[in-house]
Structures are given as C-alpha cells and as structure tokens.
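Have a look below at one chain only, the form predicted alone, in structure tokens format.
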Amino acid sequence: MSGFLSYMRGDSILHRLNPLTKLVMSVSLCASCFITNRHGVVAGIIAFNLLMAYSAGGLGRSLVMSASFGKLALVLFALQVFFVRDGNVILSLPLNIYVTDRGALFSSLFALRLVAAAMPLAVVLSATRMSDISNALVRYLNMPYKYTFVLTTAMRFIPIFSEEMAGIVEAQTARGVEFDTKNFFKKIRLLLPLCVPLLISSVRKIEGSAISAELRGFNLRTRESGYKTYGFAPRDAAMLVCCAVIALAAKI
C-alpha cells in the first residue's frame, strides 16, 4: 500500500480546509463507525470518504486501499462468523459448525467498520501536508512541537518505508527470488529476512533526519516560530456541521 499516505497536490475543497478541521473530520468519522450498529450508516461513511477522495483527485488511490482492506475484512468476517452462536441458524455445516443470522450481521458490520475506519485518516493525510498539521497543532492547540514532530514524522516515514521495502523486494526478485508465489507461508518466509536490510536503511534515515532537525534549530522551536496561519472559513463550518450530522445519525 505504498503511497496511500503521501501528499497529493491540489486545490480542492478538502485541500483548502483548515488542518484542524480535517483532523476533527477524520476522528469523528472513525468514531461514528464504532458508535453505530447499523450497516447503512457505516456504508454511508464509506461513501462519504470516497466522495471526499474524488473531490481531492484521489479516488483511484482510495479504491485500491478499500480493496486492500476489504480482503482483510473478508478474512476476519470468515473467522468471526462461526464464533457467534446466538440467533437463528441460516447455514449448517458438518462438525457442528453453523452460521446464525446474528453472527452474519455482527461479522459483516465488523468488516465494514474495518474499511470505514481506515479511510478517513488516509484521505485527510493525502490532501494535507504534514508540516501544516504540525504547525496547526502547535499554534492552535498549544501542543509541544516535540510531540507533533514525533507524530508527523511517524506518519511521514510510513510511505518511505513502504517504498524502501518495495525496492528491496524488486532487488531480490531480480536475483531470482520468487515473491510471486501463491503459498502464503512461503511468501512470509521469504519476506522475513528482508526486515534486516529494511531496519538498517531505516536507522540510517532516522539518524540523518535527527541531524538535519538539530541543524535547523529543533530545540529552539516555539509556538511563535511558525509563520503560517490557518483561518477558519465557511467551508470549515459546513464540514464540521456535516460531520456532526453523521455522528448524530450514527448515535440515533
């Protein structure tokens, strides 16, 4: 899933929202997924995320991410559906294995929640610079810059590590390693040794980033150090109202 958290340039409504508005939106949408027990609300949240991704020009990326999480959701659904024993039996299998209506509803809701909860933050991060998130948290929430730096750096390094891993896999594939095998356990066995070069390259990047931050006066950074300001416009109010309506619909 390389590139899902990388920033996409654009001038959409989502791009122009205040960074704090985007964070509140993502948190409220994630929370709404877990406070509702209705499939329609969770499906509506997924549709809303896809609409936001389309407006920001990242619909294709969101669909690929949804498909990736959808595969994991199907696996969890298959594992979960047989452990809920309450309700009416709708499918009976040998060895006293059966599926109930409550089990199917609970497992399908669980799978939908996984997809819906993973999308908001990814959509927001793809339309927001990490520096803007950090500056907004420091300026408006008085969060210490060291904490925001750790948060944004961790998110920034996710796509970098994914690209590093993809490069290592390509190098090993060129040497004849068959990573395209359909045997899941064999693929895991082939990928585990690659953690060592990934760890070494990661440590080098982290050390270089730390030196760069020190040279730029990391320890001298204060709330007044940032020069950019982020105002609240009517579109921010409209987005917050929309998120409040979704949260209210989820709670009812």
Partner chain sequence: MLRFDGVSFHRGPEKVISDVSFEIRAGEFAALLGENGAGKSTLCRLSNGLLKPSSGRVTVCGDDTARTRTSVIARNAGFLFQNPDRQLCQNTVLGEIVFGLEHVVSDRAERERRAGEMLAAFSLDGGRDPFGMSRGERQQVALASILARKPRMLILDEPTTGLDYRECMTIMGVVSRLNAEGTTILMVSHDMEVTADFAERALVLSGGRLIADGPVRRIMRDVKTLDEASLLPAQIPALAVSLGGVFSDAFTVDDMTALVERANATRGEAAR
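Everything numeric in this text was worked out from a predicted model, so none of it was measured. Residue numbers count along the first chain shown, from 1.
Although not depicted, the form predicted in complex with the partner chain is the subject of the following passage.
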Next on the checklist: Please identify, from 213-221, 28-36, 46-54, 193-201, the stretch that has a heavy atom within 4.5 Å of the partner chain in the model of the complex.
Outcome noted: 193-201
Next on the checklist: Please tell me whether any heavy atom belonging to residue 180 falls inside 4.5 Å of a heavy atom of the partner chain, as the geometry stands in the model of the complex.
Outcome noted: yes
Checklist entry - Wondering, does residue 167 line up within 4.5 Å of the partner chain in the model of the complex on heavy atoms? => result yes
Next on the checklist: Even though the partner isn't displayed, in the model of the complex is residue 128 close enough to the partner chain, meaning a heavy atom within 4.5 Å?
Outcome noted: no
Checklist entry - Going by a heavy atom distance of 4.5 Å, is residue 76 a contact of the partner chain in the model of the complex? => result no
Item to check | The single option of 143, 105, 89, 171 touching the partner chain in the model of the complex, heavy atom within 4.5 Å | outcome: 171
